[in-house]
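Here's a solo chain for you in structure tokens, the form predicted on its own.
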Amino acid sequence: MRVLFLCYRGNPYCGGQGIYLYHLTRELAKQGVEIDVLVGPPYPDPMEEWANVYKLENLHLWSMRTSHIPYENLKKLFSPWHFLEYVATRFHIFPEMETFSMKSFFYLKKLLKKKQYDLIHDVQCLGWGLLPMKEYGIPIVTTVHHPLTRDRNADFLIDTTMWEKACTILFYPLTMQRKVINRLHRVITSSREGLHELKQAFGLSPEKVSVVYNGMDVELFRNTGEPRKQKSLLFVGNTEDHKKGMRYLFEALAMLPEDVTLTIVDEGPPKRLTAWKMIERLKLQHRVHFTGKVDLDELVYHYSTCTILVMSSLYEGFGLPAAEAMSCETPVVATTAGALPEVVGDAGILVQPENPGALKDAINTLLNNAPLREELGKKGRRRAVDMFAWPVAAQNTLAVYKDVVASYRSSL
């Protein structure tokens, strides 16, 4: 089987779609799938060992003032797609998904002169270009980890003026995605919770959706065997993302004994100030440490040496830090928001979101019960290996491909 992947941002450090692209294509190739990739910048880490990679240019004009655009890029604005992106961004529109999909449509026309594909796999783009692409006679599936309605609603919570709300509405291409997603052959999402979210956001029929849990590298995310720190909590994620419920985590920390500390794997001040303002308000500066950006080895170290991973989320389409911590035999305290109950299962303690008192009680329970922490850690490792390893994700994705291709060909 030959599959063409489309991914508008391919680098693993620019978002979940880059991580998904890199690891899934590698595992699918091991299972005999021939992989080609059309990808936009930031470009992925080298994938040439298992995929043919075709790079599409993007000038990243969003949020960049015209006076700050490099001269060499200003000259490129006379190209039709770059000019369209420039004009759209001046009106606070984020056009990257639309233009990437259209560029892919025309580039694919060239590829099809020398190659054929059994299936096209779009990674969370859902741009207009996918609709005319259907005329090439190739079934198209897309992966949507969670609909952008969640991100837009989170932004609405912090918008204080009508202008800010208008800019938020313009930013998210929800009308486009709603039209496109209902016309594709299959949608892959990463949790059963995602079925409800896609129906609510896009009116998508559950019959068109396949659930395939996200993958992770369970060999990399393995306990290092180093001694664990005592009374050390860990949070991994973007503290500026209001869906992470940082306010409730900090309020819970304030109710815990003074010797309980929190390490946050994210940028701190001066780059990110939202969380720091809450920390200052609660006088927790001496108990919270920001690591800044870390490489994977250091991330595994933090998972392996903390006492508990805490996720105070208001919503998670999957909750990868929980799965990574479980793979490192670290117990988890998380909320019941979104897909977290599916991911954590019996490997942690789950509490209602927006409840700092419940978070505090759950953390206290684990801090005071070492045998329970060890038991949950062992359960977490088994669960991660059995359900979330990349080979498992690739095998389940390939099963979806075969079903889609068979259904498509039988309908011709």
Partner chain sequence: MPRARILGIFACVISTVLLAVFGYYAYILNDAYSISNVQKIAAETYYAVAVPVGMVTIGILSTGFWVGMTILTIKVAPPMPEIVEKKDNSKFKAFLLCLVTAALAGLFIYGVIQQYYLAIAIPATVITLVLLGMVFWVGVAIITARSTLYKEK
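The structure presented is a predicted model; accordingly, all values stated were derived computationally and were not measured. Positions refer to the first chain, counted from 1.
The discussion below concerns the form predicted in complex with the partner chain, not included here.
- Using a 4.5 angstroms threshold between heavy atoms, His196 stays clear of the partner chain in the model of the complex.
- Taking the partner from the other structure, the partner chain in the model of the complex has a heavy atom within 4.5 Å of a heavy atom of Asn153.
- Of the heavy atoms in Lys75, some are within 4.5 Å of the partner chain in the model of the complex.
- Contact annotation: Thr161 falls within 4.5 Å of the partner chain in the model of the complex, judged by heavy atom distances.
- Taken together, the three residues Tyr71, Arg90 and Arg281 all lie with some non-hydrogen atom within 4.5 angstroms of the partner chain in the model of the complex.
- Residue Phe83 is the only one of Tyr301, Phe83, Phe94, Tyr136 with a heavy atom lying within 4.5 Å of the partner chain in the model of the complex.
- Site annotation in the model of the complex: the residue of Asn52, Gln31, Asn364, Thr66 reaching within 4.5 Å of the partner chain with a heavy atom is Thr66.
- Of the stretches 163-171, 136-144, 325-333, 116-124, only 163-171 has residues with a heavy atom within 4.5 Å of the partner chain in the model of the complex.
- If you take 386-400 and check each residue for a heavy atom within 4.5 Å of the partner chain in the model of the complex, you get nothing at all.
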